[in-house]
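Below you'll find only one chain, the form predicted alone, shown as C-alpha coordinates.
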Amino acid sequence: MSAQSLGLRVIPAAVFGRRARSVLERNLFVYKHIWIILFSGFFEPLFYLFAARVGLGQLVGDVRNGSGERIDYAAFVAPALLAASAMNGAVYESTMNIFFKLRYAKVYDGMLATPLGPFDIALGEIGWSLIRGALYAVGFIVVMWVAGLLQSPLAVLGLPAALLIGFAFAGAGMAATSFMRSWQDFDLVNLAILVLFLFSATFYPLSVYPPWLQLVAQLSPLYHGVVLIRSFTLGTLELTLLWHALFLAAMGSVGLAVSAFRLRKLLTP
(Lines give C-alpha, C1' and ligand atoms only; values in the text may rest on other atoms or scores of the structure.)
Protein backbone atom coordinates (compact mmCIF):
# COMPACT_ATOMS: atom_id res chain seq x y z
CA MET A 1 0.00 0.00 0.00
CA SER A 2 1.76 3.15 -1.22
CA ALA A 3 1.84 6.53 0.46
CA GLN A 4 -0.20 7.95 -2.43
CA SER A 5 -2.93 5.32 -1.90
CA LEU A 6 -3.31 6.57 1.68
CA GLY A 7 -3.72 10.13 0.52
CA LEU A 8 -0.23 11.20 1.64
CA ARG A 9 2.14 13.58 -0.03
CA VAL A 10 5.89 13.55 0.39
CA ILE A 11 6.14 15.93 3.33
CA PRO A 12 8.04 15.73 6.62
CA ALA A 13 6.67 13.40 9.29
CA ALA A 14 6.52 16.33 11.73
CA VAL A 15 3.82 17.90 9.57
CA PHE A 16 1.67 14.78 9.93
CA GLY A 17 2.06 14.99 13.68
CA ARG A 18 1.07 18.65 13.72
CA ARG A 19 -1.98 18.05 11.55
CA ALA A 20 -3.08 15.00 13.53
CA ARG A 21 -2.72 17.07 16.69
CA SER A 22 -5.45 19.40 15.42
CA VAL A 23 -7.83 16.40 15.37
CA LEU A 24 -6.88 15.64 18.97
CA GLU A 25 -7.48 19.27 19.94
CA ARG A 26 -10.95 19.18 18.39
CA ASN A 27 -11.87 16.08 20.39
CA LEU A 28 -10.52 17.64 23.55
CA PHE A 29 -12.61 20.75 22.96
CA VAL A 30 -15.76 18.67 22.41
CA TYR A 31 -15.27 16.36 25.38
CA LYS A 32 -14.42 19.03 27.93
CA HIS A 33 -18.16 19.80 28.05
CA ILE A 34 -19.21 16.14 28.33
CA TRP A 35 -16.15 14.71 30.06
CA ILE A 36 -18.17 12.30 32.21
CA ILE A 37 -18.88 10.21 29.07
CA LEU A 38 -15.16 9.45 28.82
CA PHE A 39 -15.42 7.25 31.90
CA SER A 40 -18.53 5.34 30.86
CA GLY A 41 -16.61 2.16 30.07
CA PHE A 42 -14.27 2.30 33.05
CA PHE A 43 -16.66 0.98 35.68
CA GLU A 44 -17.56 -2.42 34.19
CA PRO A 45 -14.06 -3.93 34.71
CA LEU A 46 -13.93 -2.21 38.10
CA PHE A 47 -17.11 -4.00 39.18
CA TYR A 48 -15.65 -7.30 37.99
CA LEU A 49 -12.54 -6.62 40.09
CA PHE A 50 -14.67 -5.88 43.13
CA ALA A 51 -16.59 -9.13 42.59
CA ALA A 52 -13.34 -11.07 42.25
CA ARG A 53 -11.94 -9.53 45.43
CA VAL A 54 -14.88 -9.88 47.80
CA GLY A 55 -16.96 -12.61 46.17
CA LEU A 56 -15.57 -15.13 43.72
CA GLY A 57 -12.05 -14.80 45.07
CA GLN A 58 -13.20 -16.05 48.47
CA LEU A 59 -14.37 -19.28 46.83
CA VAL A 60 -11.46 -19.77 44.45
CA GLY A 61 -8.62 -18.92 46.81
CA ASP A 62 -5.20 -18.96 45.20
CA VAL A 63 -4.42 -19.90 41.59
CA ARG A 64 -1.22 -20.94 39.87
CA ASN A 65 0.31 -18.63 37.28
CA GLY A 66 2.28 -19.79 34.25
CA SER A 67 5.41 -20.47 36.31
CA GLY A 68 3.51 -22.57 38.85
CA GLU A 69 3.51 -19.97 41.63
CA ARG A 70 0.40 -19.66 43.75
CA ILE A 71 -1.04 -16.14 43.80
CA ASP A 72 -4.18 -14.52 45.12
CA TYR A 73 -7.05 -14.80 42.65
CA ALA A 74 -7.74 -11.06 42.69
CA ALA A 75 -4.06 -10.36 41.90
CA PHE A 76 -4.35 -12.79 38.99
CA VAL A 77 -7.53 -11.26 37.56
CA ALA A 78 -6.75 -7.58 38.12
CA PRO A 79 -4.09 -7.24 35.35
CA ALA A 80 -6.45 -8.86 32.86
CA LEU A 81 -9.21 -6.45 33.82
CA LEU A 82 -6.72 -3.59 33.37
CA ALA A 83 -6.07 -4.84 29.84
CA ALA A 84 -9.83 -5.11 29.24
CA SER A 85 -10.30 -1.57 30.55
CA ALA A 86 -7.77 -0.22 28.03
CA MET A 87 -9.50 -2.24 25.30
CA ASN A 88 -12.92 -0.87 26.24
CA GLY A 89 -11.78 2.75 26.15
CA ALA A 90 -10.18 2.38 22.74
CA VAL A 91 -13.03 0.39 21.19
CA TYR A 92 -15.83 2.64 22.46
CA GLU A 93 -14.12 5.71 21.02
CA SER A 94 -13.00 4.19 17.71
CA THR A 95 -16.29 2.54 16.73
CA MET A 96 -19.62 4.23 17.50
CA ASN A 97 -18.19 7.75 17.79
CA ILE A 98 -16.25 7.36 14.55
CA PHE A 99 -19.33 5.93 12.81
CA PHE A 100 -21.45 8.92 13.83
CA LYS A 101 -18.82 11.40 12.62
CA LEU A 102 -18.33 9.52 9.38
CA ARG A 103 -21.91 8.67 8.37
CA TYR A 104 -24.10 11.33 10.00
CA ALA A 105 -22.26 14.40 11.27
CA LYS A 106 -20.00 14.46 8.18
CA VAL A 107 -17.18 15.78 10.36
CA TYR A 108 -14.49 14.28 8.16
CA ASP A 109 -15.87 15.86 4.99
CA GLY A 110 -15.30 19.23 6.62
CA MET A 111 -11.82 18.25 7.78
CA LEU A 112 -10.82 17.22 4.27
CA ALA A 113 -11.72 20.74 3.07
CA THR A 114 -8.72 21.89 5.14
CA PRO A 115 -5.07 20.85 4.66
CA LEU A 116 -5.84 17.67 6.62
CA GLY A 117 -5.62 14.40 4.70
CA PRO A 118 -7.12 10.94 5.38
CA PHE A 119 -3.98 9.76 7.16
CA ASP A 120 -3.99 12.83 9.44
CA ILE A 121 -7.62 12.15 10.40
CA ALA A 122 -6.99 8.44 11.03
CA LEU A 123 -3.87 9.15 13.07
CA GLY A 124 -5.60 11.84 15.13
CA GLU A 125 -8.70 9.77 15.85
CA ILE A 126 -6.71 6.65 16.74
CA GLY A 127 -4.52 8.82 18.95
CA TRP A 128 -7.58 10.14 20.75
CA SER A 129 -8.95 6.62 21.19
CA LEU A 130 -5.61 5.61 22.65
CA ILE A 131 -5.80 8.53 25.09
CA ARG A 132 -9.23 7.40 26.26
CA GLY A 133 -7.89 3.89 26.79
CA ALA A 134 -4.95 5.37 28.71
CA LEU A 135 -7.30 7.28 31.03
CA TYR A 136 -9.06 4.04 31.86
CA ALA A 137 -5.73 2.31 32.43
CA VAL A 138 -4.37 5.00 34.77
CA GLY A 139 -7.55 4.94 36.85
CA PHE A 140 -7.47 1.16 37.06
CA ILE A 141 -3.79 1.05 38.05
CA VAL A 142 -4.53 3.48 40.89
CA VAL A 143 -7.37 1.22 42.06
CA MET A 144 -5.04 -1.80 41.95
CA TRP A 145 -2.40 0.08 43.94
CA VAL A 146 -4.90 1.12 46.61
CA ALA A 147 -6.18 -2.47 46.80
CA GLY A 148 -2.63 -3.84 47.21
CA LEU A 149 -2.74 -5.86 44.00
CA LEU A 150 0.54 -4.61 42.51
CA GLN A 151 3.16 -7.16 43.49
CA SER A 152 6.19 -5.74 41.71
CA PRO A 153 7.80 -2.37 40.85
CA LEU A 154 7.60 -3.56 37.23
CA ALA A 155 3.89 -2.76 37.44
CA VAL A 156 4.75 0.74 36.20
CA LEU A 157 5.30 -0.90 32.80
CA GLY A 158 1.62 -1.79 32.82
CA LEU A 159 0.79 1.73 31.62
CA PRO A 160 2.83 1.61 28.38
CA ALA A 161 1.51 -1.92 27.86
CA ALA A 162 -2.03 -0.56 28.22
CA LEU A 163 -1.19 2.16 25.68
CA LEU A 164 -0.09 -0.54 23.27
CA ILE A 165 -3.37 -2.39 23.81
CA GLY A 166 -5.26 0.85 23.19
CA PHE A 167 -3.35 1.45 19.95
CA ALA A 168 -4.07 -2.07 18.71
CA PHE A 169 -7.80 -1.94 19.40
CA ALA A 170 -8.20 1.67 18.28
CA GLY A 171 -6.63 0.87 14.91
CA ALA A 172 -8.69 -2.28 14.48
CA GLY A 173 -11.87 -0.56 15.69
CA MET A 174 -11.61 2.37 13.31
CA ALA A 175 -10.74 0.12 10.38
CA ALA A 176 -13.74 -2.12 11.10
CA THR A 177 -16.03 0.89 11.52
CA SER A 178 -15.17 2.13 8.03
CA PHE A 179 -16.87 -0.99 6.63
CA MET A 180 -20.05 -0.72 8.72
CA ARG A 181 -23.31 0.44 7.13
CA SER A 182 -25.75 0.68 10.04
CA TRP A 183 -25.94 0.82 13.83
CA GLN A 184 -27.01 -2.83 13.89
CA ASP A 185 -23.49 -3.80 12.82
CA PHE A 186 -22.28 -2.80 16.26
CA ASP A 187 -24.01 -5.84 17.72
CA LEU A 188 -21.17 -7.81 16.13
CA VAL A 189 -18.63 -5.51 17.80
CA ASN A 190 -20.21 -6.06 21.21
CA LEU A 191 -20.26 -9.81 20.61
CA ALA A 192 -16.59 -9.84 19.62
CA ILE A 193 -15.61 -7.81 22.68
CA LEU A 194 -17.56 -10.14 24.97
CA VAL A 195 -15.89 -13.25 23.49
CA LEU A 196 -12.44 -11.69 23.83
CA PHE A 197 -13.19 -10.64 27.38
CA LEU A 198 -14.28 -14.11 28.47
CA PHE A 199 -11.79 -16.28 26.57
CA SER A 200 -8.44 -14.47 26.72
CA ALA A 201 -7.17 -16.06 29.95
CA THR A 202 -8.90 -13.21 31.77
CA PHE A 203 -10.42 -15.15 34.64
CA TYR A 204 -8.58 -18.47 34.39
CA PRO A 205 -5.05 -19.61 33.52
CA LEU A 206 -4.70 -20.68 29.91
CA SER A 207 -3.80 -24.19 31.07
CA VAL A 208 -7.36 -24.93 32.24
CA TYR A 209 -8.74 -24.59 28.70
CA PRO A 210 -8.98 -27.60 26.40
CA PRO A 211 -5.99 -27.80 24.00
CA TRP A 212 -7.99 -26.57 21.00
CA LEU A 213 -9.31 -23.59 22.95
CA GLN A 214 -5.82 -22.74 24.14
CA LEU A 215 -4.77 -22.36 20.50
CA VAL A 216 -7.79 -20.18 19.74
CA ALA A 217 -7.23 -18.03 22.83
CA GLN A 218 -3.65 -17.31 21.78
CA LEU A 219 -5.00 -15.69 18.61
CA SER A 220 -6.90 -13.16 20.70
CA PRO A 221 -5.30 -9.69 20.76
CA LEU A 222 -6.60 -9.20 24.28
CA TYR A 223 -4.75 -12.36 25.36
CA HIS A 224 -1.46 -10.79 24.25
CA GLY A 225 -2.28 -7.68 26.28
CA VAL A 226 -3.27 -9.74 29.32
CA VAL A 227 0.02 -11.66 29.23
CA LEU A 228 2.01 -8.42 29.01
CA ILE A 229 0.32 -6.64 31.90
CA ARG A 230 0.05 -9.74 34.09
CA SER A 231 3.77 -10.40 33.67
CA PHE A 232 4.62 -6.83 34.70
CA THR A 233 2.32 -6.67 37.71
CA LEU A 234 3.57 -10.05 38.96
CA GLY A 235 7.21 -9.17 38.27
CA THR A 236 8.03 -11.83 35.67
CA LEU A 237 10.03 -10.83 32.60
CA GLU A 238 10.49 -13.20 29.69
CA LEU A 239 11.81 -12.79 26.18
CA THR A 240 8.48 -14.00 24.79
CA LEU A 241 6.90 -10.73 25.95
CA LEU A 242 8.48 -9.11 22.89
CA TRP A 243 6.30 -11.28 20.68
CA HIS A 244 3.16 -10.14 22.47
CA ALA A 245 4.19 -6.49 22.15
CA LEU A 246 5.02 -6.87 18.45
CA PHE A 247 1.65 -8.54 17.81
CA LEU A 248 -0.21 -5.58 19.29
CA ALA A 249 1.99 -3.02 17.53
CA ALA A 250 1.45 -4.74 14.18
CA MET A 251 -2.30 -4.91 14.76
CA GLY A 252 -2.50 -1.19 15.46
CA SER A 253 -0.27 -0.27 12.50
CA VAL A 254 -2.33 -2.33 10.06
CA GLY A 255 -5.51 -0.80 11.47
CA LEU A 256 -4.11 2.70 10.98
CA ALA A 257 -3.15 1.98 7.36
CA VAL A 258 -6.53 0.43 6.56
CA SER A 259 -8.39 3.30 8.25
CA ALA A 260 -6.54 5.92 6.20
CA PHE A 261 -7.12 3.97 2.98
CA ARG A 262 -10.82 3.55 3.69
CA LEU A 263 -11.29 7.23 4.58
CA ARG A 264 -9.69 8.19 1.30
CA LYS A 265 -11.90 5.79 -0.60
CA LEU A 266 -15.11 6.88 1.14
CA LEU A 267 -14.59 10.62 1.28
CA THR A 268 -12.48 11.70 -1.69
CA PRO A 269 -13.54 11.61 -5.37
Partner chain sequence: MKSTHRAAEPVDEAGPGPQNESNDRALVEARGLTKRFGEFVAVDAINFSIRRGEAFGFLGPNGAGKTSTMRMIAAVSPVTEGRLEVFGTDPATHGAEIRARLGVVPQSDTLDTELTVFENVYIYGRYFGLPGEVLRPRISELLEFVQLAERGDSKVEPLSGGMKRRLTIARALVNEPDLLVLDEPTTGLDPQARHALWDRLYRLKQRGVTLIITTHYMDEAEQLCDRLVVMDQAKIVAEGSPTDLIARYSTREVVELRFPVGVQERIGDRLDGLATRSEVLPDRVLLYTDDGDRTTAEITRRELAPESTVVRRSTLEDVFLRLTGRTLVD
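Bear in mind that the values here come from a model prediction, so they are computed numbers and not experimental data. Positions refer to the first chain, counted from 1.
Note that the form predicted in complex with its partner chain isn't included here; everything after this is about it.
Using a 4.5 angstroms threshold between heavy atoms, residue 110 counts as touching its partner chain in the model of the complex. Its partner chain in the model of the complex is approached by residue 23, whose closest heavy atom lies within 4.5 angstroms of it. For the chain shown alone, residue 116 is a contact residue for its partner chain in the model of the complex, at least one non-hydrogen atom being within 4.5 angstroms.
Residue contact check for residue 216: none of its heavy atoms lie within 4.5 Å of its partner chain in the model of the complex. Picking from 169-177, 97-105, 141-149, 156-164 the stretch near its partner chain in the model of the complex, with a 4.5 Å limit on heavy atoms, gives 97-105. Taking its partner chain as it sits in the model of the complex, the stretch 246-269 comes within 4.5 angstroms of it through a non-hydrogen atom at 267, 268, 269.
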